[in-house]
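One chain comes next, on its own, written as structure tokens: the form predicted alone.
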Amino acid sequence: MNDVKEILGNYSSEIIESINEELKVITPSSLQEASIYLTKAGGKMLRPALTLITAEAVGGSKENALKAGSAIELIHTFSLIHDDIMDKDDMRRGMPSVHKVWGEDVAILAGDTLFSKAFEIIINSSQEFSTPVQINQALSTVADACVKICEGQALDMSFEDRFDVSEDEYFEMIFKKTGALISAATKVGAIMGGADQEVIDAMYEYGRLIGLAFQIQDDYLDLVSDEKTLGKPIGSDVAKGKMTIIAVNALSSAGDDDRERLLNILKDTNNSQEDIDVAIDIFNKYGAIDYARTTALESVDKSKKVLDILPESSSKQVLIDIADFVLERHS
């Protein structure tokens, strides 16, 4: 298997250079610095790298997709900045969040700037590497993902005071909030790589499936990782009363007494570690943690089968390895 982190790192240097080139014209300097800040904070650059790798896997080159991949990363960064403001999260990637450094007003403007620049970058993609049809398809795909991201965030917020969330509702929320941009990244890569519609649709489905697995793995790691690796306390989703796939599954499976006990813990915003441990015991009793892991594995297996449509290549193998990497990561 390829070293996925190393491969992502190789692609990220070009993406960061492209982003910096696009953002250096922003004024005043405070807005420029706030806009660039998170791109320098050591993120995996998974989404834009997927755009470039997909373009190669369908027979194009990474140059075809570099600008579009940069735009995808700007959309991702915009969503992180705004999420941190809404969630009142003071840290991101081990650094103070944008709104903690520059204040909420500048942070909102930085997010809006990145959102707008993403579309400008795609519109101005060099005609040497793309056609007007490809640019229009890419714009439509990114715009659709942006709407879904907002819908997913709104759904997630609506779950905060609800404890009757169904599994279908959960899957809709995580696809829109997390999976939509990942599937847009792979679809745009296929578009810019010159693929036909059947392959473009297949690469969207690949991205959708690994996006679902990515979020389910986050739910899983919240309970099975360790605090140092994860960068936050174990069981923090329980402490916040979040309706993860694990909580949804346990509530639907538990007996009356256990269900009531779990609901009381999820509704309490001032839980002790002992309460969180009780919730984890209930999750284990009904197999909810294992269910999450199995569901994520199934999603990854399906994503790799989708790739059968592609010819054999080193880039296709990287896409297979990235699907596995989604479940092998520990943070």
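Owing to the predicted nature of the structure, the values given are computational and were not obtained by experimental measurement. The first residue of the shown sequence is 1; numbering continues from there.
Not on display, but discussed next: the form predicted together with another copy of the chain.
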**Message:** So if I measure heavy atom distances to another copy of the chain in the model of the complex, which of the stretches 235-243, 178-186, 253-261, 85-93 falls within 4.5 Å?
**Reply:** 85-93
**Item:** residue 225: touches another copy of the chain in the model of the complex, heavy atom cutoff 4.5 angstroms
**Value:** no
**Message:** in the model of the complex, is there a heavy atom of another copy of the chain that lies within 4.5 Å of any heavy atom of residue 119, even though the partner is absent here?
**Reply:** yes
**Prompt:** Does at least one non-hydrogen atom of residue 269 fall within 4.5 angstroms of another copy of the chain in the model of the complex?
**Reply:** no
**Asked** Contact between residue 140 and another copy of the chain in the model of the complex at 4.5 Å, heavy atoms?
**Response** yes
**in the model of the complex, the one of 78, 170, 204, 220 near another copy of the chain [non-hydrogen atom within 4.5 angstroms]** = 78
**One residue of 126, 197, 136, 166 in contact with another copy of the chain, assessed in the model of the complex (non-hydrogen atom, 4.5 angstroms)** = 136
**Message:** Quick one: 28, 147 and 153 and another copy of the chain in the model of the complex, is every residue within 4.5 Å by at least one heavy atom?
**Reply:** yes
**Prompt:** Taking another copy of the chain in the model of the complex, which residues along 90-113 bring a heavy atom to within 4.5 Å of it?
**Reply:** 104, 105, 106, 108, 109, 112, 113
